[in-house]
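The chain that follows stands alone, in the form predicted on its own, written as structure tokens.
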């Protein structure tokens, strides 16, 4: 099979159980089913041919018993992060998780106690909120500020006050940032590390979008910003965004500290989640070993799609403010010029535009007047989606 990607055809996902597309799920979530979904963060592209080929080959063996993370898998993970990000991960650091959302909950259970405080930075990936509250921990909001260039910046003064609290045990970082698409600068990460070391707070860095960063920006894994954080950080990674493998529920949780690693693995065992998905291991190993040519093609297509989105808004919806997208395949846009909140815009886009986006309020109160677009789809689908967004916004 060729390594070339297919980014022009639209794969029909109805009937595959895809939460993004199944009419019954759209009806349950949005109240309507006849809409074009441009919301949840998975791509409408076929995954890399090398991944499909590896899965087919594994299916030739007719047994699918209990499995452990194997040596060649770990070596593939190590080689990928060294070649793509210059980060030399040691083999013992690699821990399994059935998805990063699961890992966040497990880590909160393992590294904090009920009543402890956890800091997050809204607007941020919405499972951050639930992972803290659902586990009986107190949530501290270090709300991001918008600078003169329209980009998110960290309120370090407030953050220091929150980290200095004796009950604060964990700080959750989204790096690159979702939904804002911000690539945190080295100095930002260094300042974060300094504060967390000063107040002895563990950092959980969600770096799932690390392979999807747009020129001239470059992802910097948190431990490379300042190696002093190695003993009190956890980096959450996965192939799922880069290669569209979210349904295989396989993530790699990188924990350099032996003591933190023991606590996490004990919680993983207590939760009955120690065994990985064999197909997820096979797919991720193939992606990291052989998928780079496809990923490069994907990046080219996504960069072109991003240009298409930016040009459309500039020409057709000049009053809408887009936050500059430095990473991810999502665009974050502001509704201030319409004088409405995302709840109203969401309903209008569904009714008049027949398009489903992520409303900003799910990312916290700081996102109340924002919306998120997923542009990881074939260009023709994207063009249709943008026209639908315009019809919906015009109806406002």
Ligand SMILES: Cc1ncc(COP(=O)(O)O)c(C=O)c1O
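Numbering follows the first chain given and starts at 1. Fair warning: this is a prediction, and the values are worked out from it, not measured in the lab.
Omitted here: the form predicted together with this ligand. The next part is about that form.
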(request) Tell me, please, which stretch of 68-76, 258-266, 144-152, 92-100 lies within 4.5 angstroms of this ligand in the model of the complex when heavy atoms are compared? (result) 92-100
(message) Checking a candidate spot here: are 174, 178 and 206 all in contact with this ligand in the model of the complex (at least one heavy atom each within 4.5 Å)?
(response) yes
(message) Exactly one residue in 50, 41, 350, 26 has a non-hydrogen atom within 4.5 Å of this ligand in the model of the complex; which is it?
(response) 41
(request) Would you kindly say which of 184, 125, 288, 243 lies with a heavy atom within 4.5 Å of this ligand in the model of the complex? (result) 125
(request) Can you tell me which bits of 378-392 touch this ligand in the model of the complex, meaning any heavy atom within 4.5 Å? (result) none
